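Shown here is one chain on its own, the form predicted on its own, set out as structure tokens.
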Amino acid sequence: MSRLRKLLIPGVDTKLLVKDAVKAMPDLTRRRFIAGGASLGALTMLTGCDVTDSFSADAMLTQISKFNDAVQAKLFNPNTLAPTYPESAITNPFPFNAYYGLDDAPDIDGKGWKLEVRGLVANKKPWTLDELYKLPMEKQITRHICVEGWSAIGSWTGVRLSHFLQLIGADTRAKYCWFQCADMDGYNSPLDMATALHPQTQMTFKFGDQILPRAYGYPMKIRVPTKLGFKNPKYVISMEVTNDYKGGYWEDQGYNSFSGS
């Protein structure tokens, strides 16, 4: 997904603008837009942006990104499961992936770690690992799809996020679950509530039937097989249920927030 380009009119390369905007559209919208005549005028009508001398191409592409999110959210079916695989299909070794090296990954003391719970929930008490380990767990063998173009299949075991949200009395009419992580830059990412409630969205504590390794997010990651990899935060330290869109590490750099796989 390309970064948003900062171009101004007058002098904007309109063909380049349309080309970048089309890249940001979901497949179905892209096909319809091209079939209808991919032009700056059509793009203006689609986004509702007013192309004037003070118009910023960045604003139009931001609107396209929001439009993309809205379309994907409408198309998302909470009852459709991501594919699952046999043990024989597991990728070995499963790759470490982050914007930093493994040596810089958080090294968390699980004995002192607690999951903070904030926002629109009835019970805001923090949860220790021992308490979370006692909750009902499920295993899934699903594919992790990276925005960089590679994928890998892994075995993940943990608690359904929907079950945990029910336990803490979360207001599931809220728009988002927002996760903060222990990474050096304070990685964070929002998850739309429909995806948070999906039966495969998981608070993950094990990989390959073993306690989650540091490389994959110990002590807890959020496994979301219906999303691209960057929507699967690792080293999670807190969760907030909220109606406010708080952005995210990659989302603030132009990546679509919905980012279904």
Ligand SMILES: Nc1nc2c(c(=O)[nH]1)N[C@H]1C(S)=C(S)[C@@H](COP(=O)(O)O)O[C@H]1N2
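Note that the structure is predicted; figures quoted are calculated from it, not measured. Just count from 1 along the sequence shown to find any residue number.
Form predicted together with the ligand: not shown, discussed below.
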TODO: Heavy atoms, 4.5 Å, the ligand in the predicted bound form: which of 126 to 134, 157 to 165, 82 to 90, 143 to 151 makes the cut? Say which one.
DONE: 143 to 151
Open item on the list: When the contact criterion is heavy atoms within 4.5 Å, does Gly110 count as touching the ligand in the predicted bound form?
Closed with: no
Open item on the list: Given that the ligand is not shown alongside this chain, does Trp178 nevertheless sit within 4.5 Å of it in the predicted bound form, heavy atom to heavy atom?
Closed with: no
Open item on the list: Check Ala98 for me: does it contact the ligand in the predicted bound form (non-hydrogen atoms, 4.5 angstroms)?
Closed with: yes
Task: 4.5 Å heavy atom contact, Ala215 to the ligand in the predicted bound form - done: yes
TODO: Give, in sequence order, every residue of 184 to 198 that has a heavy atom within 4.5 Å of the ligand in the predicted bound form, or say none if there are no such residues.
DONE: Tyr187
